[in-house]
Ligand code: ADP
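Only one chain is included here, represented as structure tokens and corresponding to the form predicted alone.
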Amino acid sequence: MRTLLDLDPKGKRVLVRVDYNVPIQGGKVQDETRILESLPTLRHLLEGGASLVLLSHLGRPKGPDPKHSLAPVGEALKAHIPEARFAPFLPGSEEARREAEALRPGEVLLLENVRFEPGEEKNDPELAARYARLGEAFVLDAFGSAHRAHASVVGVARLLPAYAGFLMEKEVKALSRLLQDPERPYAVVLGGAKVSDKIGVIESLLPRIDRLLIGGAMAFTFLKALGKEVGKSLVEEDRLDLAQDLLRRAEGLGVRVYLPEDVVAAERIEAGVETRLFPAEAIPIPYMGLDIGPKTREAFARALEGARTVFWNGPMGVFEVPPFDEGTLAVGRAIASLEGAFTVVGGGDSVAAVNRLGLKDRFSHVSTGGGASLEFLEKGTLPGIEVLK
């Protein structure tokens, strides 16, 4: 990829695609991680004499919607870069172009949500051309969006000299280590709701790894495929044959698969609900498994001992509803305690768990993109990477 070190920003107006898809509540940004991760790139360009126009999406609006405005993000960004200001213009509009052209070196303009533009997700070439008029060079620093062939990611990169930002470069380097001659033993921890969301990454990583730890609701599809009683736990009935096949393939490759031994169960997903502990293979109706149990937490911690490379994506239970967050936090602690291992967290609720634990610095890399990291590990590249070559 072309990187920032290939760009002389002096006197240039640089269009930067950032990923400011952050949680907002009551008009305030709740987690600034993605904003903070963008600052090294922005400061490098500003110190080099550039003016900046920033593009980002927020949520999944069906057109302009005040609930998905980037205005609160503009306020949060200004606390870190006082020169930054938010302009409530659609990024493909004439008003946005005029505001961009009036920028002086050192100034930063954040425009409104790119997904307010109807052609953004269709990679509309006319919209990409309007984006391209906003700058003289383009920097892609939104790794979390790099798997989307959208106008503000791929379309505009084909029309301007295009470079990877520092965050983009850091993400690609770290995730590439998981694919290219990783140090063994290599353990992968996967959670979340659905096997179908992780098929590609499991198939890609199986030949490379030694241990596969499966938690979250997706574990119940594997358990049921093995003939276990899982009560009313979430199961993808149409993926049972696939789960059996993946287990067979893992065995054939010598990969040790760890499934839950016990689960924390309840009759409904609700904070404060009465919980019961059951063997993972014998959950009675009407209970559903909502987190891995204490035996499983210990077994997973033992399975991680001695690992030299670890990739973790997905919660071990219904992380957002206590007490079903305890298994995820326990796995986070176990990975963080590994000395000398290369450990990567692949976005999503796993990152939220790391932040809750205050252990981010104990991991080698915490990715800003859940879906993007999975797709990269599946395919070895992303649309946003290809366009920067």
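Each residue number is its position in the shown sequence, starting from 1. For clarity, every value in this text was computed on a predicted model and none was experimentally measured.
Absent from the display: the form predicted together with the ligand. The rest refers to it.
| said: I'd like to know whether D349 contacts the ligand in the model of the complex, with contact meaning heavy atoms within 4.5 angstroms. | reply: The answer is yes: D349 has a heavy atom within 4.5 Å of the ligand.
| request: Please check if L290 has a heavy atom lying within 4.5 Å of any heavy atom of the ligand in the model of the complex. | output: Flag for L290 set to yes.
| query | Can L234 be called a contact residue for the ligand in the model of the complex at 4.5 Å between heavy atoms? | reply | So L234 counts as contacting the ligand.
| said: So, G216 and the ligand: in the model of the complex, are they within 4.5 Å at any heavy atom pair? | reply: Looking in the model of the complex, residue contacts with the ligand include G216, since a heavy atom lies within 4.5 Å.
| field | Stretch from 282-290, 201-209, 129-137, 83-91 whose residues place a heavy atom within 4.5 Å of the ligand in the model of the complex | value | One stretch meets the cut-off, namely 282-290.
| message | Just to confirm, with a 4.5 Å cut-off on non-hydrogen atoms, which of T296, S145, N313, T221 contacts the ligand in the model of the complex? | response | Spelling it out, the residue with a heavy atom inside the cut-off is N313.
| Of A157, V114, V318, V189, which residue is found within 4.5 angstroms of the ligand in the model of the complex when only non-hydrogen atoms are counted? | Contact check passes for V318.
| message | For the stretch 81-116, I need every residue with any heavy atom inside 4.5 Å of the ligand in the model of the complex, listed N to C. | response | Result: empty, none.
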